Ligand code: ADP
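Coming up is one lone chain in C-alpha cells, specifically the form predicted alone.
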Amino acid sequence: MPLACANVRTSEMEVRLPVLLPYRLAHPYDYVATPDASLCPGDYVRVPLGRREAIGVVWDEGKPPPHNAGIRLKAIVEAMPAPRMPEVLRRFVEWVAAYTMTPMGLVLRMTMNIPEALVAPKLAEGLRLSQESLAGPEGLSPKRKQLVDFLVDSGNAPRMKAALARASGVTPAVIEGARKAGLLETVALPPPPFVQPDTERQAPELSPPQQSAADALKLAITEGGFQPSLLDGVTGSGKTEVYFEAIAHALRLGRQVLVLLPEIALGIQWLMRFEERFGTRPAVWHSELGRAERRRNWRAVAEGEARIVVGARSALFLPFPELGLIVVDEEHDASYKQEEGVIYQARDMAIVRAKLGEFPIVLASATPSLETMRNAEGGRYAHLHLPDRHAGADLPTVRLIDLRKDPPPRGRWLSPTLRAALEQTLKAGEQTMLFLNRRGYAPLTLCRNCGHRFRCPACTAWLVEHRQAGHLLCHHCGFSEPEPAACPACGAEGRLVPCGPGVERLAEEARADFPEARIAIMTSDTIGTAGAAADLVHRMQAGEIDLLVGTQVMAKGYHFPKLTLVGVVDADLGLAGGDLRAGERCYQMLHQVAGRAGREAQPGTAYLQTYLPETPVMQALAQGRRDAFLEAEARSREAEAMPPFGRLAALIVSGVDETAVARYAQRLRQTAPEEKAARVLGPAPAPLAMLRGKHRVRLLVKTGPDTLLQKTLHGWLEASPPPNGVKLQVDIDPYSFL
C-alpha cells in the first residue's frame, strides 16, 4: 500500500527511518514515512533510489526528520507484503559485514536474493461446482453429468483444470465448456502446506555412546542458551542418528532447525535417511533449486511454516523467526568456505549465528578441524565422542603402497598390489572404489612434436582434457574448446598426448583390466544435480555397479553396504601447494575416503598409493592415530604462530593492467602499518597469477591470536584505496592460497 510519493515535502509529522539496501553500501540511507504507516524495524520496503526504485529493509527505530530546511529526504513508497526480517538476522548481517570487512549492503543481498518472495504469492486457480449447480442442474450431457457427479461425490473440493480432468475422467475441453456454461466457478487455491516432520515415528535403537551423546544434546536444547558441541565420531559411528534425535527434540519444543551440508545437491542419501526417520523431506536450500521452489521455501521459512531446512552455506542467511538449533555436518569440509563475493567461513558464521540467537549448535565430523578440536579440548565446546562404528562394524584396515618399491607398469596407474586386491574383491562379488581427486581424462595435453602445452587463455592453468565430452576445459574459469585434431602451434597431426591421469583415464584402465566389471564415474561433472546423484546412489545400493571411480564427492558421507575395498591412486596429491592446512586436509580427505569401506558386516580395506609413506599424514592414516597427528599438526602451527595460534588476512589485488596491479600492491606494502603485532608478507604473484583474464598479486597479514585484525586493516586500507581498474579483495582467515 503506497505511503507517500517520493517528492512530497517532509512535515513535522513524518518519521525518518534508516533503510539498508542490497548494494555495495556501508550503511543505511534515511527515508521518511508518515507515523500512520506503522513501519517497524525489519519491514521490507520499496524506496526511490536515483531514477529507479529498490527494495530494502527498515534497519532500526525511526527518528524525527532533520530540522535543516535544506535537507529533503525522499519518502518510502510502500511496505512489501512479507514477514519482517528478524532482529537477530539484522544483527548477524552487521556482524558478518564487520568481520569480513564487506559493505553491509552486500551481506544483506544474501538474505534477500530471491526478490519475488517479498511479493504476495500469486495463488493458483482451481475449479469447483458453482452454487447454482449444487442444486442439481438438469439436461446435462453424459460427460458433464460425469463431471458434476464426481465433484459432488468428492465434496466439491476445488482442483486445477488438469488435475480435475485426470481425476474425473473427462477431457479439458469438457471442463472448459462446463466453466463457460456456468456449471463451474473459479476459486483461488492456497499453496499446498509443508508436511511437517513426524517426531514421534519409531527411531532406530541407539547404542549406549549414541544415547549418551543424544541425551547431552537434548539437555542443551531444553536448557537453551548458546552451547556449541562437537559430535566427534569415527566414520560409520551413527553421528547422523544422534543429531536426528536432537532435531526431533528441538521440533517438539516448537523451534526451527537448520542443518548445513557441504554440498547439499549431492546429499541424496542424507535426504533419504531423514525421510525414513521423520516421514517427510525437509525444506531444501541450495543453488540448484529453481526460482519457484526457492521463492516458496524462502517464504515458508520466513512465515515459520518450514520447521526444518537442510541447505548449503547460504542457508545461514534465511530469515528464520524461531531458529533454535543449527547442525553443521562434516564441519571440517573446505566447501564451507565461500571464496567469491562476500568471503566467509560458513561453519564459523554458523557459530556466530547461534551465539547471537542464544541457542545450541552441533558440529559433526569424523575428522574435526584443528580449530574445532582446540575449542573442544579447551572446554569452549562440549566434546561428545563416538569411538566405534555402529552395530559392531570394524574400521577399515589402511595399507600403504610404496610406489618407489611397487610401481605400476609404464603408462598405467594401478600398482600390482592394488590391481590384485581389486581382482580378488570383484571375484568375491563385493563392490570396490578407486579415488583420484582429479576430474577429466588428463590434467595436461602436449604436442610430442614441438612441446606445445595447452593453456587457458584467461588463467595461469593447464587445460584439462575431458575425453568423454570431447573438449579441453579450464577448471578455474570454465573456458572450453573442442579437442583439436592437430597441434595449433606446429600443425602436426597425431602427436597430441595426454600427460598424467584423471578419473576418466583411470576408469579406462580399469575397464581394460576388468572387462566384466560394471564401472561408473562419480565426479561433480557426472552428478552435478540431485537427480543424477540419486540415480547413481540407487544403482550402487542395488548392486548394479561393481567399481566406482571418482573424486572427492565420493567422500561426503555416502554409505554403500557392499563396498569393501577402496584404492587411492595418488594419495600424495593433496600435500602439494604449500597450503598451511595441506596436511590436515589431506588427512581428512583420505580418512573420509577410506571410511567408505566395510561399513557393515564385511570388513573393509583401503590401499593408499604413495611416494611418501614416511610422512606424518600417511603414518597416521596407516596406524589409525588421528589425535597424535592433530597434536603434531598443532605443535607445527604453534611454532609458526599460524592459525589457530595466530591470525591471517589475505589481500588479493587484481586487474587487467598488470603494471597497475603491481604498482598498487607495492603501494599497499609501503603504507603498511608499522606494528609489532602485525607482519606483512609480500606482495608476490599469486600461484594463479592470472584468473579469468585478470592479473593477481597477494599480500598476507599475520598477527597474534588476540590482535584486532580488522581494526588494523581498516585504517590502512582506507588510506590507500585502489585506483580505477584495480580491485582489492580482503579474505579474513584465508583457506585457499591460490
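We number the residues from 1 along the sequence you see. In this text the structure is predicted, and so the values were computed from the model without any measurement.
The form predicted in complex with the named molecule is left out here; the points below concern that form.
Contact with the named molecule in the predicted complex, judged as any non-hydrogen atom within 4.5 angstroms, is confined among 204-212, 175-183, 424-432, 348-356 to 204-212. Shown without its partner, this chain lists 418, 85, 618, 234 as candidates; in the predicted complex, only 234 has a non-hydrogen atom within 4.5 angstroms of the named molecule. Think of it this way: in the predicted complex, the named molecule has a heavy atom of just one of 437, 602, 240, 445 within 4.5 Å, and the residue is 240. The named molecule is not shown here, but in the predicted complex it comes within 4.5 Å of a heavy atom of residue 273. Using a 4.5 angstroms limit between non-hydrogen atoms, residue 559 touches the named molecule in the predicted complex. Within this chain, residue 647 is remote from the site of the named molecule in the predicted complex, having no heavy atom within 4.5 Å. A residue is said to contact a partner when one of its heavy atoms sits within 4.5 Å of a partner heavy atom; residue 505 fails this definition for the named molecule in the predicted complex, lying far away.
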